[in-house]
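Single chain ahead, written as structure tokens, the form predicted on its own.
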């Protein structure tokens, strides 16, 4: 019996996109298909795309000696709560990386990352825990990215940018390059809207949209 059970936490859209990447990489290491399952708190079906779906309690109760989980949930806040749940249960994390991801020089990525097809990380980059980089997104040189940060498809993070924990960078967004010693900063929990062009710092918790990106004005404000 294989002593490791692998789980993709989340059987909805994000998880179903991550599962084939995980299956391919684990199969290359000799992991049997039945040792890779979905975890879902409210399973809609016992099997999704050919993989068993377990609740967290059922996953934890399996007899395998080691259990590892990848958090395929788009919300960084939810990922943080689930990571704390894994830590409390003594369950580790694993990362999922597509075969055609390009990682160049002096790049450090924390545990639990999901790097989708056609992602590029160039040089001198530091990335925290449970980072999600969706299709065709990139991180250029001398960037620092915190924990539980999410990039939508084709998000463009140019050089000398600091992105703090829980920020969300929407599909097709472009973040202008900062300067050595004066990085452009995306604050904790900030959201950069789809297609936005960011040319200046974004404060914590603020949503910016448009070109150039400006704080979102909600109705009634």
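Numbering follows the first chain given and starts at 1. All values reported here derive from a predicted model rather than from experimental measurement.
Not on display, but discussed next: the form predicted in complex with a small molecule.
TODO: Find the only residue in 189, 183, 43, 193 having a heavy atom within 4.5 Å of the small molecule in the predicted complex.
DONE: Checking each option against the small molecule in the predicted complex, the one that comes within 4.5 Å is 193.
Open item on the list: If the criterion is a non-hydrogen atom within 4.5 angstroms, does every one of 134, 153 and 218 touch the small molecule in the predicted complex?
Closed with: Heavy-atom distance to the small molecule in the predicted complex: all three under 4.5 Å.
Task: Region of this chain that lies against the small molecule in the predicted complex, out of 170-178, 157-165, 22-30, 55-63 [heavy atom, 4.5 Å] - done: Residues of 170-178 come within 4.5 Å of the partner.
Open item on the list: Please determine whether residue 205 contacts the small molecule in the predicted complex, using a 4.5 Å cut-off between heavy atoms.
Closed with: Looking in the predicted complex, residue contacts with the small molecule do not include residue 205, since no heavy atom lies within 4.5 Å.
Open item on the list: So in the predicted complex, is the small molecule close enough to residue 210 to count as touching (4.5 Å, heavy atoms)?
Closed with: Yes.
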